[in-house]
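There is one chain below, alone, in C-alpha cells, taken in the form predicted alone.
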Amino acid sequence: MSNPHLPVTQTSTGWQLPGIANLHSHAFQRAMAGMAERQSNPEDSFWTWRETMYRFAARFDPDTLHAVAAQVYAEMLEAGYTTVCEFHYLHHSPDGTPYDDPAAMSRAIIRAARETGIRLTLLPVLYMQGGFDGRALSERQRRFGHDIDAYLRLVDLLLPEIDATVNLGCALHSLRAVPADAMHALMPQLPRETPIHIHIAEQIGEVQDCMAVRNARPVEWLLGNAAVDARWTLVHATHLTIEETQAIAGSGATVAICPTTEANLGDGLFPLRDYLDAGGAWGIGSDSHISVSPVEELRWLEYGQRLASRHRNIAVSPDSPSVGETLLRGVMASGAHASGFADTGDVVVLDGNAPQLAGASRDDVVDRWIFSGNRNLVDDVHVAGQRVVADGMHRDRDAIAGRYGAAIRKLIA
C-alpha cells in the first residue's frame, strides 16, 4: 500500500510533487564536468582528481563564478531541485589575497541564486590546514583559507543577505582541514539554529589518517567530540562501521549522499540498507555536477545497493514497498533540517503527457518517474510562489547559457 502521507497529486496538467533539496553543491565544479576523464596517473583516484580540480579552481573570479553558478542552478531547477545547499570555499583571489570585498565570491553565488529563483542555503566553508597533521595550506588551497576571526567576519558580512529564499549556514570543510580546537572555538559562536555541514569519511585514506593522528575514525571522533544533532549534515559518510552507522542515525544528523559524484571519484558505496534499518535521516546532493538530476542520484543510490547485494528493491520498508516512494520520502524528510527552510510549498510538476507516464496512477507514478529512462519529465517548477520553469525550460535559460558559454571559454583559454 502506498504511503498516504506522500504529497503526490494529479492535476489537470500533470503530476505534482514537492520540490527536492540538493544538499551538497560545489557550483564551480560544473565548469569542469567531463574534463577529468583522462588518466593522469596509473593509480588515479579522488586524490589525483583533486589536483586537477585545484588547478581549475584557481582560474575563477566573481564574474565567472556567477555565470557558472547561474547555469548549474538553472539546470537544477529544470531537473526538480528547488533548494540548494552551496558548500562554498572559493573565498579569495587565487594567491590567497582577500578581495576588496571579502564576501565578493559569496555574493556571486547569492546573485546567481536570486537570478535563477532557486532557494539557497549558503555554507561558507572554514578551511584552515592542509591535513590532519596540521600542515599549512598548499599554494592551491590558499584561496580557501580563513582563521576563526576572519571567518566570523565573513559570516557577519553575509548576514544581511538572509531573506525568504536565502539562508546562511556553516560548513567545516573536513576534520583534516579544521583543527579540533578551532571547531570547539567556533561552535559556541554560531546561532543555535545554524545548519552545519561537513565532509566526512569520503575516502579510505581520510579514515586512515584520522586514526593515525586522532586515534579514532572520522565519524567516531566527530560524534565523540561535538554535539552532533539534527542541525548537522554529514556529507558522504561513505566508510562507516555498523556502530557508526547506527550512531549517526541516533544523533538525528542527516547524511548527504552524492551517488553520481561518489561513483565518478571512486569513493565507495554508502551502507544504505543498514542506515535505513537504523532509522537514519538522509538526502542527496549533486556535488561536482557530473550529473544535475535528482532522478539519477536516486536511481544510482538504489542501483549501487543492488550491485553490491545482488538483490533488487533495496530501499523499501514494511510500510513503503515502493522504492521510488521510499526514496522520495527520504529526501523530503531531510530538506528542512539540512537547509533551514521548512514547509516551503515549492512544487514540481511532471509532464502529464509524457509517454513514460501514460496511464500512470498514484501508486506507480513516482517509480515510473525515477526508473523509466533518461528524458527529463519535469514540466513546471514553482519556488516561493514564482514559476521559474515552464514547459521544461528555465525562464532565463538562453541568457544564462550565453553567459556560461563565455565564462567557460575564458576559464579554459
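No experiment lies behind these values; they were computed from the predicted model shown. The numbering used is simple: start at 1 and walk along the sequence shown.
Unshown form predicted in complex with N-carbamimidoyl-L-glutamic acid (NGQ); subsequent notes refer to it.
K.L.:
N-carbamimidoyl-L-glutamic acid (NGQ) isn't shown here, but in the predicted complex, which of 93-101, 110-118, 217-225, 195-203 has heavy atoms within 4.5 Å of it?
P.N.:
One stretch meets the cut-off, namely 195-203.
K.L.:
Is N-carbamimidoyl-L-glutamic acid (NGQ) in the predicted complex near all of 270, 282 and 314, within 4.5 Å of a heavy atom of each?
P.N.:
Checking in the predicted complex: none of 270, 282 and 314 is within 4.5 Å of N-carbamimidoyl-L-glutamic acid (NGQ).
K.L.:
Tell me, which of 384, 354, 360, 53 has a heavy atom within 4.5 angstroms of N-carbamimidoyl-L-glutamic acid (NGQ) in the predicted complex?
P.N.:
Result of the distance check: 53.
K.L.:
Please identify the residue among 305, 322, 261, 106 with any heavy atom within 4.5 Å of N-carbamimidoyl-L-glutamic acid (NGQ) in the predicted complex.
P.N.:
Answer to the contact question: 261.
K.L.:
Is residue 89 a contact residue for N-carbamimidoyl-L-glutamic acid (NGQ) in the predicted complex, using a 4.5 Å heavy atom cut-off?
P.N.:
Judged by the heavy-atom cut-off of 4.5 Å, residue 89 is in contact with N-carbamimidoyl-L-glutamic acid (NGQ) in the predicted complex.
K.L.:
With the partner left out here, check for me: in the predicted complex, does some heavy atom of residue 265 sit within 4.5 Å of N-carbamimidoyl-L-glutamic acid (NGQ)?
P.N.:
Yes - in the predicted complex, heavy atoms of residue 265 and N-carbamimidoyl-L-glutamic acid (NGQ) come within 4.5 Å of each other.
K.L.:
Quick check on residue 75: any heavy atom within 4.5 Å of N-carbamimidoyl-L-glutamic acid (NGQ) in the predicted complex?
P.N.:
Heavy-atom contact with N-carbamimidoyl-L-glutamic acid (NGQ) at 4.5 Å: absent for residue 75.
K.L.:
Do residue 143 and N-carbamimidoyl-L-glutamic acid (NGQ) share at least one heavy atom pair within 4.5 Å in the predicted complex?
P.N.:
Judged by the heavy-atom cut-off of 4.5 Å, residue 143 is well away from N-carbamimidoyl-L-glutamic acid (NGQ) in the predicted complex.
K.L.:
With the partner left out here, which residues of 223-237 have a non-hydrogen atom within 4.5 Å of N-carbamimidoyl-L-glutamic acid (NGQ) in the predicted complex?
P.N.:
Going through 223-237 in order - heavy atoms within 4.5 Å of N-carbamimidoyl-L-glutamic acid (NGQ) in the predicted complex - there is one hit, 236.
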